[in-house]
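For reference, the chain that follows is the form predicted on its own, supplied as structure tokens.
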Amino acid sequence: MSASLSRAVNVLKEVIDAPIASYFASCVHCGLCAEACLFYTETGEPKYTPIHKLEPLRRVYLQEYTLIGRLLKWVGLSKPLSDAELAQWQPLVYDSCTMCGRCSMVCPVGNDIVYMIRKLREGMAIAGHAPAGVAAATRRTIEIGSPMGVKLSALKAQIGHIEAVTGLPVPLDQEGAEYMVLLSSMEIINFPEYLSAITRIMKQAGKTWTLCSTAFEATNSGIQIGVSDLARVIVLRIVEAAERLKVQTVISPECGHAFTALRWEGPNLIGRPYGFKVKHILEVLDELRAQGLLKTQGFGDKRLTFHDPCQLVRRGGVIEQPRNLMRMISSNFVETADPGKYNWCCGGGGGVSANDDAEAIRLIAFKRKKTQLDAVKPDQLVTACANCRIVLEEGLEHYQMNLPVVGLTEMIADHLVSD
């Protein structure tokens, strides 16, 4: 076996574990996952079927871990995977999969296809086949602390601006606060109104909170590129900061993969439980609502609908909270078809939006979201993920749809009862 062949086979052998083996063994090739994937439904091309995207991993599993596969390889009827083939598979694995989880949800035998994609990505990243944009974002997160290269000085500049506008302090490195608030780089640079909203909401609720100068970024590029070791470094940075500041709860921002990485995968990544709670901002806001600490006034009459971020809702279970909050501010809230855990992805999660090569297929896949929105004809689209928000805005502009997109946290803040 050539060096090229052995490298491709060996890296994928390393990522095949018991769950992966059981998933491949139990797949009944029903094709239901295809109809759950917006890249397939909007193109009709069989190559975008989720289980087909896993073909390199399946081939190595069959050839290395099954009797029939070994026999077929031995007689020359099944060729070993080459490094060149693995490189050719990069667009399917990174460009046309957002790891939204819709395929996993409909699988009749319960195969977690998202987990399988993560493991394949891990092998591809080790073999040097991760897209340049995603790899660069991960490198910046490890070296600088932010996938967009946002430094503490930029955050402090935004803090100064928010304090000047609101007249309220934005705490930094305050020990013993109830909440440690995380941000994504997009919220610092693109949507600073999110931090302003947090400042006003916490003031009204009478809660203590803080940002952390060494761990303000929540985005976990290690999850997106598929490398657990890098994801662990990013999670541990947040965990150590929360423990140092002795906070009770870490608030994940309006970012889906950040929530998944920290809330659900983090303890496994670092190998121990947290000494604090992790909650998404919408979970915290809904708790404040239930406690009577979140008080709003006035109902907008615009027709609003909510885009459910996949990692937050389908993968994270935060389903009713955004709806409770929407009903606090709107008298004309309408659901799209397939709402909640069945919602269709924006098309940019899982690192796809950071991958320039994926733009063309991403905009084609956005037709599924366009169909959803055309059916309900909202005046405004609300969501709770900064990445979704940017991808939605780009897709709406591409299809010339005049539909404003806004974050739910900011909408709540705009309806707070005045002091």
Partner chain sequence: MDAAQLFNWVRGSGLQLAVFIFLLGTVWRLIEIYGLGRKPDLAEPRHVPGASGWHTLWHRSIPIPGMMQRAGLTYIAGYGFHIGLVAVVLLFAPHIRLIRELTGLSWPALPSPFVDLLAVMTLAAMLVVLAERLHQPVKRFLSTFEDWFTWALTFLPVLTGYLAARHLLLPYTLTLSLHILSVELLLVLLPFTKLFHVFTIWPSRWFNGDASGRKGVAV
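Numbering follows the first chain given and starts at 1. C-alpha atoms forming the largest set that superposes within 1.5 Å between two forms make up the rigid core. Worth saying up front: this structure is predicted, and the values here are computed from it rather than measured.
A second form of this protein, the form predicted together with its partner chain, is not displayed here; the remarks below concern that form.
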Contact of P108 with its partner chain in the model of the complex (heavy atom, 4.5 Å): yes
4.5 angstroms heavy atom contact with its partner chain in the model of the complex for D374: no
D112 within 4.5 Å of its partner chain in the model of the complex, heavy atoms: yes
E35: touches its partner chain in the model of the complex, heavy atom cutoff 4.5 angstroms: yes
Proximity to its partner chain in the model of the complex, single hit among E85, E240, D338, D173 (heavy atom within 4.5 Å): D338
Contact test, all of S196, G349 and K367, partner its partner chain in the model of the complex, heavy atom 4.5 Å: no
Its partner chain in the model of the complex: contacting segment from 177-185, 196-204, 299-307, 275-283, heavy atom within 4.5 Å: 275-283
Residues from 301-316 in contact with its partner chain (non-hydrogen atom within 4.5 Å) in the model of the complex: V313, R314, R315, G316
Rigid core superposition, P19 Cα moves 2 angstroms or more between the shown form and the other one: yes
Large Cα move at T49 between the shown form and the other one, threshold 2 Å, rigid core: no
Large Cα move at Q63 between the shown form and the other one, threshold 2 Å, rigid core: yes
